[in-house]
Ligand SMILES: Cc1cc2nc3c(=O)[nH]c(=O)nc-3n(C[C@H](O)[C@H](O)[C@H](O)COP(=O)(O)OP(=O)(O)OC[C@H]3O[C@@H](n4cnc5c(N)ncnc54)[C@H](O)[C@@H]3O)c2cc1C
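In the form predicted on its own, a lone chain appears below as structure tokens.
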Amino acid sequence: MQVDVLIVGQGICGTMLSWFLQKEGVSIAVVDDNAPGASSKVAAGIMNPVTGRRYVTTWRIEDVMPFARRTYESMGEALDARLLQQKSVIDFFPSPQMRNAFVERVKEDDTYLHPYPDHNGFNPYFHYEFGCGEIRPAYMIHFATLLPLFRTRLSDKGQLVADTFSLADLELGLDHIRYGDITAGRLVFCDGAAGINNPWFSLLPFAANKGEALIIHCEDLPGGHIFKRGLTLAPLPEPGTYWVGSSYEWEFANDQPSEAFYNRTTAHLQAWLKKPFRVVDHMAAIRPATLERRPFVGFHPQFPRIGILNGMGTKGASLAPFFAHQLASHIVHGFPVADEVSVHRFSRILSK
């Protein structure tokens, strides 16, 4: 098989890059083993325009969120599935100081931050003392629907290699790349946390961290919202089912679910929720975050046929569509990748 681009990984980055290259008529092959612990499969798929305890606007959200919304809507039409739902985030204040900080930020910029008109409206469902604020619009993307549907699309088009990528089977020529019986013009790694050990990109400043989440069933919580109080409680498509997470562990022994997270999170839920719940699943994964919290996009300065789309961290739902489109436009039309995400900002490191 001869293709223009060979893609390694079909998480959110590999899926988005495949989508945009398909739309451009570029021939592709995607190597992916459908590993259950991939970070894209564990993520909640939340697009939140506000981040942190200071309620600051997420980096480039004015560009990336509208673009991501249009992309998921377009993909949903092609896949005959509803992939995106608009929500608002109800943020329960843990202290009077945090309530005051929210009020002050609303005065400075009310684009996404809004006072919630009925501070007592959630009393039948949650324990909270200091009121709440609202962040809107926010969105949830159903990765559990998107990723398998797109995998089927790739398979139906003969573009999927359902296997674990093996460096031993890769051969780099002067004008081509060969992987098994596939010959490609370019190779792009969208391999998530595995990129940390990638021989071409391992010197990039990755900052991997472990995240865990529970899936719970809880009846009668009000719909239309994502709830936050220390943890995030996000509704899933199945009625009464919620994603609960997530942790950020910078030191970890493995990528498996831990008893410590389970105990800590269930205790938190018991103190927060007034409704009974039961745990349905417990998941964990390693996130491919970066030290400077900016993605890695583009082609290696010394090996121009080898590229990367990685490092989205916790913002993959919003960042991946935008920068996958940039990379696809670079491949097809030669358009530049933004300096702030281009791997060429690390040319000196990658040239060692």
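Quick caveat: nothing in here was measured; it's all calculated off a predicted structure. Residue numbers run from 1 along the displayed sequence.
As for the form predicted together with the named molecule, it is not shown, yet the points below apply to it.
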Original post:
Which pick from Ile46, Met65, Val50, Ala29 sits with a heavy atom within 4.5 Å of the named molecule in the predicted bound form?
Top reply: Ile46
Subject >> Contact residue in the predicted bound form, from Phe165, Trp272, Tyr116, Phe130 (heavy atom within 4.5 Å of the named molecule) >> reply: Phe165
Subject >> Touches the named molecule in the predicted bound form: Gly211 (any heavy atom, 4.5 Å) >> reply: yes
**OP:** Check whether Gln10 has any heavy atom within 4.5 Å of a heavy atom of the named molecule in the predicted bound form, and answer yes or no.
**Re:** yes
**OP:** Examine Gln326 and determine whether its closest non-hydrogen atom to the named molecule in the predicted bound form is within 4.5 angstroms.
**Re:** no
**OP:** Answer for Thr290 alone: is it within 4.5 Å of the named molecule in the predicted bound form, judged on heavy atom distances?
**Re:** no
Original post:
Among 79 to 87, 96 to 104, 186 to 194, 252 to 260, which stretch sits within 4.5 Å of the named molecule in the predicted bound form, heavy atoms only?
Top reply: 186 to 194
Original post:
Along 21 to 40, which positions have a non-hydrogen atom within 4.5 Å of the named molecule in the predicted bound form?
Top reply: Val31, Asp32, Asp33, Asn34, Ala35, Ala38, Ser39, Ser40
